[in-house]
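In C-alpha cells, one chain follows: the form predicted on its own.
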Amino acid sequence: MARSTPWRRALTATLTAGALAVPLAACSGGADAPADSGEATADAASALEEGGEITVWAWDPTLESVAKDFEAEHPNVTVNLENVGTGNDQYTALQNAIAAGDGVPDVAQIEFYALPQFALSDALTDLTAYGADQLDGTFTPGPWGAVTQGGGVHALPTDSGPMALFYNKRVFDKYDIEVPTTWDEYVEAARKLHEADPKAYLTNDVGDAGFTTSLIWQAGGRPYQVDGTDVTIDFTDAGSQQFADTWQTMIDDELVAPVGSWSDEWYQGLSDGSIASLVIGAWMRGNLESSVPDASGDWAVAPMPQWEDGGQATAENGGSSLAVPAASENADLAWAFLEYATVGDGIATRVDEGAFPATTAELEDPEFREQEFEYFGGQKVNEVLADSASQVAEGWQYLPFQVYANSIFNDTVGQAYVSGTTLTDGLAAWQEQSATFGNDQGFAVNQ
C-alpha cells in the first residue's frame, strides 16, 4: 500500500455496475487451469540476454525508480511504465484490452481484492512455471494468501497493508484517553472524546467496503468462500455480526465523523486533531508524513484493537501485486522485471521511497524495525507494523467479482450511514445483490 494518496484511493470503489463483468466463457477449466503463457519457456536469463521491451501498467510511484534501476542493470531492456489509471480505472482498461486481444501490458499492478477476478478467467500467467511456488515463506501470510488462491501463483506481492491503530497522541493526552486495546474500549474512547469536545471524533466513516471487510476479517468472519466458480456469500457468520453490532453503536451514537476519507476535510481533521485516530493499513505511515505535515510529532502507532481480550489477530487493508497477463508477448522478460521488483534489488528501492514491504526478510530486518520516525515523535513505528503483518488471520478470500461488489457497497451497506437502515440489513442487501450479479455472470452462488 505506500506513501501517496492516489495509491489508496482505489480502496473506495467507484466502478459503475457491470463495467468489469467476469468473462467466464474465457475460462479453460476453472481457477486451477494455468494460462497458456504459463506454459512458456520460462527462461528469464535468456530473455534478459536477448533484451527487448516490456510495458508495465502501474500507478505505484516507487516503480519509476525500480524501472530505471532495472534498465541500468540491463541496458538492452526498455521498461515502458504507464499509468493508465488508479485501481478501478486500470482494471477496466485491462479487462477491455484482454477482451479485445490488443494492447495488453506485459506486467500489471493489481490490488489483492481485484486479483481473483483476473485469475479465475485465466487472464493471468500462472507463475509456477517460473518457480514462484517456491517463494512460499518469502512473503507474509496475508499477501501470499492473496496471490495464491485458486491453485496457482497469479502474481507476486509488491506491498502490504497490515492494520494498526494510528492515533493522535496530543489529543489522547489532552483528554486523558487511554490507547484502546479492544474494540469495546475503542467505542468508549470515542464516546469520551466526543463528550469532551463535540467537534472532535475518534475516527471518521461514511461507509467503506475495504474497511468493513477488513474488520470482519479480523473478527474471524469468512463471508466469502470460493472454489472455482462455486461461490458462497454469507454475512450472517459470527465475525460479520460482531463487526455490525459494534460499529452500529458508533453510528447510532454519532461517534464517527461524517467525513469521507481522502477529502480535503479529512486531511484537515487529521491535521487539527478533530479526527483523532484511524485503524488502517501500514501504508498510512507514509501518507501522514507526506500529506499531513503540520501534525508532525502529534501521531503515534499502536496495535490494532482486538475483538477479545488478549487477542492478537490483525487483517490486511490494501496491498498490491504485480502480475503477468496471459496475453503478454514477452512473458519471460516480464517475469524478470516482476522478480526484480518484488523479491530482488527493487525491494530496497521501494522501501526507501515509502512502500511498506510484504517480504518477511525486510520486515524482520533490525535496521527496518528499529528505524525511528521523527514525525511520530521518534517512535519505532515499523516494529508495530511488522508485528501486525505477522499476525494477519489466515483463511480470508475475496470474491472473483469483488470489484463489482465493492462498487455497490454505498448503495447497500453504506445506507446505514445516511438512512434508518442498519449495518446488518445493509450487509444482507449487499449479499443479495452480489449473489444476483454472480449468478448472472455464470457463477453458482450459494447464500
Partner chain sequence: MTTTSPPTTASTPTVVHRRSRRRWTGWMFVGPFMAVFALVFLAPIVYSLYLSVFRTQMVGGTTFVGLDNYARAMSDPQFWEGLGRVSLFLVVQVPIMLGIALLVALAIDSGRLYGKSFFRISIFMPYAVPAVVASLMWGFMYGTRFGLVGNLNEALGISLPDPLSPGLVLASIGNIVTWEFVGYNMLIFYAALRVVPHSLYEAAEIDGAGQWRVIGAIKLPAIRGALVIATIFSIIGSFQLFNEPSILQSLAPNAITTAFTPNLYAYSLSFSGQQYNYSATVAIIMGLITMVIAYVVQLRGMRKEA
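It should be emphasised that the depicted structure is a prediction, and the values quoted were computed from it without experimental measurement. Positions refer to the first chain, counted from 1.
The same protein also has a form predicted together with the partner chain, omitted here; what follows describes it.
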query: 4.5 Å heavy atom contact, residue 120 and the partner chain in the predicted complex; finding: yes
query: Proximity of residue 404 to the partner chain in the predicted complex, heavy atoms at 4.5 Å; finding: yes
query: Contact flag, residue 418 vs the partner chain in the predicted complex, heavy atom cut 4.5 Å; finding: yes
query: Distance check, residue 47 to the partner chain in the predicted complex, heavy atom within 4.5 Å; finding: no
query: Among the candidates 301, 259, 226, 250, the residue which, in the predicted complex, approaches the partner chain to within 4.5 Å (heavy atoms); finding: 259
query: Heavy atom within 4.5 Å of the partner chain in the predicted complex - residue from 206, 313, 196, 343; finding: 206
query: Which of 166-174, 328-336, 129-137, 262-270 sits within 4.5 Å of the partner chain in the predicted complex, heavy atom basis; finding: 262-270
query: Candidate spot 88, 414 and 437, all three touching the partner chain in the predicted complex (heavy atom, 4.5 Å); finding: yes
query: Any residue of 80-102 that, in the predicted complex, places a heavy atom within 4.5 Å of the partner chain; finding: 88, 92, 95, 96
